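A single chain, nothing else alongside it, follows as structure tokens in the form predicted on its own.
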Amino acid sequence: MSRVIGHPTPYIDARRKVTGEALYTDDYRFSNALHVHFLRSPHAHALIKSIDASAAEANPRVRAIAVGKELPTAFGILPISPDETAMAIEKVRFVGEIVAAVAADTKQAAMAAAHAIRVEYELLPAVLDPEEALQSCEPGRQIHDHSRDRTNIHKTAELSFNDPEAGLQESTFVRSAEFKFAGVTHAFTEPHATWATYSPDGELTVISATQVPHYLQRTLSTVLGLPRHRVRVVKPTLGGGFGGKGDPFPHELITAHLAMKTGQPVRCSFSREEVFLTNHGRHPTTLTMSVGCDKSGKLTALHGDIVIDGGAFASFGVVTTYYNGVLLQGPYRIDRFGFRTRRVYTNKPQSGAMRGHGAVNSRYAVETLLDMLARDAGMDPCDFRMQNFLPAHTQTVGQLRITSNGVRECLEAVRKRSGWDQRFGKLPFGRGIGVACGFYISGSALPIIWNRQPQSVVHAKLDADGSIVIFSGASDIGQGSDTMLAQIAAEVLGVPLSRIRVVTADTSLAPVDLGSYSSRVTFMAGNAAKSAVEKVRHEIALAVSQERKVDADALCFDHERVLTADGQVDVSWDEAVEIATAFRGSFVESGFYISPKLGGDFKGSGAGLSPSYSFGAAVSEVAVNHHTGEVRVIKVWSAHDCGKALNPLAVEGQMEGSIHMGLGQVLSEELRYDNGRLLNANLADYRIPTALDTPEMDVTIVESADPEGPFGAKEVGEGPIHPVLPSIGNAIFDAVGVRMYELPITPEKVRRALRQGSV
């Protein structure tokens, strides 16, 4: 073997990115192109009485105007809750919702024309408080008619195993608390952008900054009434997503509609303010959690009651509703377990999927309560966690199947590397360390749209020139999945990466892949790619064995040679390719991945099912100024069980990115509203940590060789964020003796807690 797998490998597109040669969506140019601008609602909740576009139509540079009734088909990433239209039709549901769109010769003309459109509104009372959204209301306050019992509840998810409430009553120690989490957004570097062209023969091509070309193609087909085979979606280089480009978006549909309407290429490029108004970030959350243990520190029961603020539309919300609860089934054994999560509609931009989808806030709550229980039981927080871990190759109470499990090694690593045993509880006042653990999926076992298609298909083509071309619908959104696909092909075939070309995320060239979300690409596309190139290898081996009269199974592929151990056969890669392609030319093999059947048969049993789960742990050290309340994170030690690190360089990058992103949510980031209007829709006032805020990081990769993953790999894109936030919260307690129940943990909140002396 050439040993590409397991070696730190720079991304194959790194040079293009750092030299500025990589093409992002907004870098494309078409002649005769139009520019689109949107008229957005100034109201959080209002009926649309009329739209007068006559002044805009009079602008000679305007080529088309679109309003909501032209695209009446409702859509949503989840087919079970399609509640959004491309533009508002009868009423608006948040400040910033698109009401009309203008395509014009220039951006300035489009903006001027959009501002000239007159809309008459009848204001409705806005529902901005999630607690109010739970209550029955008058019809005028109901955001969607389909919410039951005249409430604004979108989804209720509830599961209970073995009477957890009774378990809590029987526990020696019980800790309960209410936690509040502000909404946060992804703050990816590249704003949303889309190009659309419509050919005279009726083929629509959409180039877009999307994580999900497959689902965007489906949605474009449904909403625009085009056969799916006449819709092509291309994803160029993408400047980050973190879940924020994981839905089909209204601007993509409208841009395509305007291209069809005018027959000209249409460009849509968001301002940063529009990116914020298109938020699909982490749900603002209020939750009450209770956890119990016996006198020896063994966990006995957990129950949570959770309300999440979904904003105006569904997005991934049904999944989020379940994930808040079901992903608390690890990394600890808790057999009396239950939760209720209610997602509500409010008149704000919708919440959706974001790194660590659905489980970050509830993880903070549980890990905080575990820290408190450890102290109640008189145990070190690391020892407390260690004795409650799930083992490998087991099942949780909700029938989540656990395969490999390296959580013990993760906790041991951060404990040792941070000097926990010498420093916990022993640092001077104002300085502290805290610990937490995490658990996450490696892709969902169930597709979003129920069908019998694989979750991922990869084609591998052997060309007569000796190159291998990998065709995949997977989206590299900066996580390095194109490099991962090339590494797998190179490893299986024993050739260098320079032999591999990767063609991805173009629905006209690549087979189906469900996209980049749920930490699924390395696991699922990786398995499909491994299968495809193993078939190519088998074909080459068969051809060489027949020509050289040796057993095909005796052939090895290594360092661009095909050979036997005894030296009877030793041909170069190019010779082997010539033999394999003789009388047939280039050939293509396909590999695919479908999850094994998992889970139980109770309602909600499909939530959280994954072919394998990742595990992690973090220790953070903080300094707290007890006069000002300022918290400074000095260092974070993180360890993550990713099964097998196919590219350790990429794994370390994902872990460091998770630390940085977790740091922002726990200390500074917050979407702030005034009567439904977003107040900090820019990167100056929405305070993500800068390089100066970034602490020293110490990351440890733990490999548990998962039996389901390609070469043993599991996810690493999202899981490492989970323990970061609570480890910082627990470190604050170690530093100054106060528990922080509300995120972000601002200096004002720390000072208030210090004054109150909360524990």
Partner chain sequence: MPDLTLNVNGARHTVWVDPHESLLDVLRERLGLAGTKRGCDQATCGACTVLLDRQPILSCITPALRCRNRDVRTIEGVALNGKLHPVQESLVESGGIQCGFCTPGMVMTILAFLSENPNPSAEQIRRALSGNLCRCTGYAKIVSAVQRAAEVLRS
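Here the structure is a predicted model, which means the values were calculated and not measured. Positions refer to the first chain, counted from 1.
One more form of this protein should be noted, the form predicted in complex with its partner chain, which is absent from this view; the next part is about it.
J.: May I ask you to choose, among 599, 494, 657, 76, the residue with a heavy atom within 4.5 Å of its partner chain in the predicted complex?
T.: Here the answer is residue option 657.
J.: Of the options 242, 316, 593, 439, which one has a non-hydrogen atom that comes within 4.5 Å of its partner chain in the predicted complex?
T.: Residue within 4.5 Å of the partner: 242.
J.: Pick from 520-528, 175-183, 659-667, 535-543: which stretch has a heavy atom within 4.5 Å of its partner chain in the predicted complex?
T.: That would be stretch 659-667.
J.: Find out whether any non-hydrogen atom of residue 689 is located within 4.5 angstroms of its partner chain in the predicted complex, and reply yes or no.
T.: Yes, residue 689 lies within 4.5 Å of its partner chain in the predicted complex.
J.: Although its partner chain is absent from this view, report whether residue 708 comes within 4.5 Å of it in the predicted complex, heavy atoms only.
T.: No, residue 708 stays farther than 4.5 Å from its partner chain in the predicted complex.
J.: Spell out, yes or no, whether the shortest heavy atom distance between residue 676 and its partner chain in the predicted complex is within 4.5 Å.
T.: No, residue 676 is distant from the partner.
J.: In the predicted complex, does residue 652 have a heavy atom within 4.5 Å of its partner chain?
T.: Flag for residue 652 set to yes.
J.: Sequence order please: the residues of 20-48 with a heavy atom within 4.5 Å of its partner chain in the predicted complex.
T.: Contacts from 20-48: 20, 22, 24, 26, 27, 29.
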